[in-house]
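The chain below stands alone and is given as structure tokens, in the form predicted alone.
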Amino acid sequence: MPIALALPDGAPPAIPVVVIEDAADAAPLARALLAGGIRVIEVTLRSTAALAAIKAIATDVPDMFVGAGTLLSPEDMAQAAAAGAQFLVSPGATQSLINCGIASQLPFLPGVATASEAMALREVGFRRMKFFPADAAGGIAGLKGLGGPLPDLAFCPTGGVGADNAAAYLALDNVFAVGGSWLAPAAAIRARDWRRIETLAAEAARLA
């Protein structure tokens, strides 16, 4: 059976989804988020520094629950786990990713955009999923619609989620967390504006 993603006890249900271009920025970024009250981070494999960034956070900021996102293949999953990722996230769910997720010793959050995709994952034991791209896939109304026929599933919407609508998503019974880049914008990371990221994290931490 797959291991469901559970946030650390007391952690706000907001997950920054970040692209880190320089691994040297990883630990300061994680510390800024922690200072603002955010205890979970998803580092996407969208840069050559991503795996080194995951390793840096896992090693230097042990209080941060670090995961790897944009996993597109079993090789991505294996490399992320080897780097120290504590949970795994994919934008979709191919059969090979599903098989690896079931076999993995780490929590795996597969992505879905339709009821059929969610039902297929449910059949093999998944109960928590990423809803992506949330805004394009129906947003709040779409998740409300899924809640009727699939009441035992819970979702983490990402893609179009921001400070303006995160609270509305979290108000849904079938949403256990939200994810997005608004907590740690790429421009702020590049500028090493850790104070701004701490402020954004503090605002997001109050969403709970």
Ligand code: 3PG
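Numbering starts at 1 and runs along the sequence shown. Computed from a prediction, not measured in an experiment: that's the story for all the values here.
The following text describes the form predicted together with this ligand, which does not appear among the structures shown.
A.B. asks: Is it the case that residue 108, even though its partner is missing from this view, gets within 4.5 Å of this ligand in the model of the complex, heavy atoms only?
C.D. replies: The answer is no: residue 108 has no heavy atom within 4.5 Å of this ligand.
A.B. asks: Even though this ligand is not shown here, does residue 17 get within 4.5 Å of it in the model of the complex, heavy atoms only?
C.D. replies: Residue 17 belongs to the contact set for this ligand.
A.B. asks: Please run the contact check for residue 46 against this ligand in the model of the complex: heavy atoms, 4.5 angstroms, yes or no?
C.D. replies: Answer yes; at least one heavy atom of residue 46 falls within 4.5 Å of this ligand in the model of the complex.
A.B. asks: Does this ligand get within 4.5 angstroms of any non-hydrogen atom of residue 165 in the model of the complex?
C.D. replies: No, residue 165 is distant from the partner.
A.B. asks: With this ligand left out of view, choose which of 37, 147, 160, 28 has a non-hydrogen atom within 4.5 angstroms of it in the model of the complex.
C.D. replies: Flagged contact: 160.
A.B. asks: So which stretch, 54 to 62, 174 to 182, 137 to 145, 29 to 37, is the one near this ligand in the model of the complex (non-hydrogen atoms, 4.5 Å)?
C.D. replies: Correct option: 174 to 182.
A.B. asks: Just give me the residues of 107 to 132, first to last, that have a heavy atom within 4.5 Å of this ligand in the model of the complex.
C.D. replies: Result: 130, 132.
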